[in-house]
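What follows is a single chain, given as structure tokens, in the form predicted alone.
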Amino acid sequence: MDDFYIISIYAGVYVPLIFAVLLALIYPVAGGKAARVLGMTAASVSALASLAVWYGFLKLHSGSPNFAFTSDIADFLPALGVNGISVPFFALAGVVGFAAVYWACISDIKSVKAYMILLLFMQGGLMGVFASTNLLWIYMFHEFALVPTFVATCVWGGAGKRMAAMQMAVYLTLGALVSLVGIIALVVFSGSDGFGIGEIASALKSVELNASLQGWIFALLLFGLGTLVSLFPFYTWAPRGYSAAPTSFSMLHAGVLKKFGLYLLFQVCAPMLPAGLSEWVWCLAVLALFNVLYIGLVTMAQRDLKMMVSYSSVAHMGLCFLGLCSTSILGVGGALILMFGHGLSVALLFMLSNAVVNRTGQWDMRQMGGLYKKTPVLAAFFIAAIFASIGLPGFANFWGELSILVSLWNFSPAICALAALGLIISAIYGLRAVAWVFMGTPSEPLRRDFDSISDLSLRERFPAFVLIAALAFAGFFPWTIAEPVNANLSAQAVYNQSK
């Protein structure tokens, strides 16, 4: 039985990469239609394979903290496998990747063949991040997925694209280099013979790293990975980058790739460097509160729709960091559920924002208004996405935010209260965006062409429905994420078992 899921993991990772190479090889003779067909085929295989692996893990290994479906097919290929923490994000990458590629296929894009090659390379890299059991290969897959974002932003991006791409390149390259130094230090001082997560964990059982050394290694990883996740004050690349990047790449980066840093902190750093986490936990809590409150207030000041979505993505990452600060199974598990829900909801918001702008020709939300009269389906999807983003019941984000707040009360009632204030701020800017864009009467610039505005077409509704359905599924069946996550976290001594 495991053989089928092993094959599915490899298909999820390598089919997009193989199709990208294939498209590059036939580039001179392939047309735009062929590029779209190859792209949709690869994205569909990857999504179905990831969902099959998630189902198989829940069915066969949900109570195990170890990696499952592992296999070394060839020495020159990385060992792949999933555990309770990685498997939902492997599925997240598949689903968001499918929606992003589908949106690209139905959009009017210049040089669609080159666009699709970059998008498929990014998709394959993302799948590899959450399927690799080797720390170095996780890092390499991340870098492999990161480069297409820079290129796509420079070529197909919006206003300020070159400056945004340059800022992203500088921040993310520095963050990646600092985190690589931390990874190498962890391997060297653990005495591990390799970069496998299991190898490093086993080596650390016989080597006792003192608190000071753990603190330094954890700091390198925290601030390196934190930059990749837009932890305050290293966040300024994210709003400008997401706003300038093409929609499909914004969906993949903000929805999936951004989770890389937090994923490594939960999967590797905290369990292997518990004294380091303890040393930096209050510093992290303060910085995370700046994400929640300060960036939340900055988001309230935005009038540009895509910038509002971009800043809100940065603000919500603060709650995930606070989940780690709780050092509890409840808090960390909640953070992982919130990461999953946020990935779906922010990808959906970027996609729907693009649909709004395509119909109005406006980015300024104050220059819109009254769209619900002409686009009721678009309005319904957008409102549902905002409700998910601000954590209303029925969506995955609700369980994540609730678990984090409950766990924070045991950590610090004051921080819990401030984090709850951040949720109120998110509700304000989210609901205000709905009011500006869809409610009231059309603005003067919009009124001239109001009668020609059309609702979402059937093919535009399909990817929106896929993302909403995934959010609702995790909202009504949170155990599909929580059960394997809890089994993994319960095996880690760093997380307080009573919280």
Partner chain sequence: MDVELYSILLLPLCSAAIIALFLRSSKWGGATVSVTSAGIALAMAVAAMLSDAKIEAFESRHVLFSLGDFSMNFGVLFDPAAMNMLFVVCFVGFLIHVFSVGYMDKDPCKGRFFAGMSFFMFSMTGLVLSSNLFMMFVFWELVGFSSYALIAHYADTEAARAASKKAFIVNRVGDVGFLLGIIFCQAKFGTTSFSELSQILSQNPSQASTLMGLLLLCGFLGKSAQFPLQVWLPDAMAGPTPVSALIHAATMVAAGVFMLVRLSAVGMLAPDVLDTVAILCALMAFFAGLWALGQNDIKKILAYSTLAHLGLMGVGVSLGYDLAMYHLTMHAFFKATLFLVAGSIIHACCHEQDIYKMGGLFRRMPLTSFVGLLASLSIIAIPYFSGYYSKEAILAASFGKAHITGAVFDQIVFWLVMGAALLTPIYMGRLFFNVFLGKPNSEKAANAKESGIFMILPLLVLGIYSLAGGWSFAYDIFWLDGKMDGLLPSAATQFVGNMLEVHMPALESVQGAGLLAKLALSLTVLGLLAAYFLYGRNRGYDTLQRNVPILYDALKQHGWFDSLYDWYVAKVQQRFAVLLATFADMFLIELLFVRGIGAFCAVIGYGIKGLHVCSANSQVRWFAAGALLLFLLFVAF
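Everything numeric in this text was worked out from a predicted model, so none of it was measured. Positions refer to the first chain, counted from 1.
We do not show the form predicted in complex with its partner chain, though everything after this point is about it.
Of the candidates 107, 167, 358, 202, 167 is the one whose heavy atoms come within 4.5 Å of its partner chain in the model of the complex; the others do not. This chain is displayed alone, yet in the model of the complex one of 362, 173, 236, 71 has a heavy atom within 4.5 Å of its partner chain; that residue is 236. Interface residue remark: residue 374 is not counted as part of the site for its partner chain in the model of the complex, having no heavy atom within 4.5 Å.
Using a 4.5 Å cutoff between non-hydrogen atoms, residue 159 does not count as a contact of its partner chain in the model of the complex. Residue contact check for residue 435: one or more of its heavy atoms lie within 4.5 Å of its partner chain in the model of the complex.
A residue is said to contact a partner when one of its heavy atoms sits within 4.5 Å of a partner heavy atom; residue 426 meets this definition for its partner chain in the model of the complex. Residues with any non-hydrogen atom within 4.5 angstroms of its partner chain in the model of the complex fall in just one of 62-70, 25-33, 436-444, 45-53: 436-444. Proximity to its partner chain in the model of the complex holds for all of 301, 311 and 485, with the criterion being a heavy atom within 4.5 Å. For the partner-free chain shown, 476, 478, 479 of 467-481 come within 4.5 angstroms of its partner chain in the model of the complex, judged by any non-hydrogen atom.
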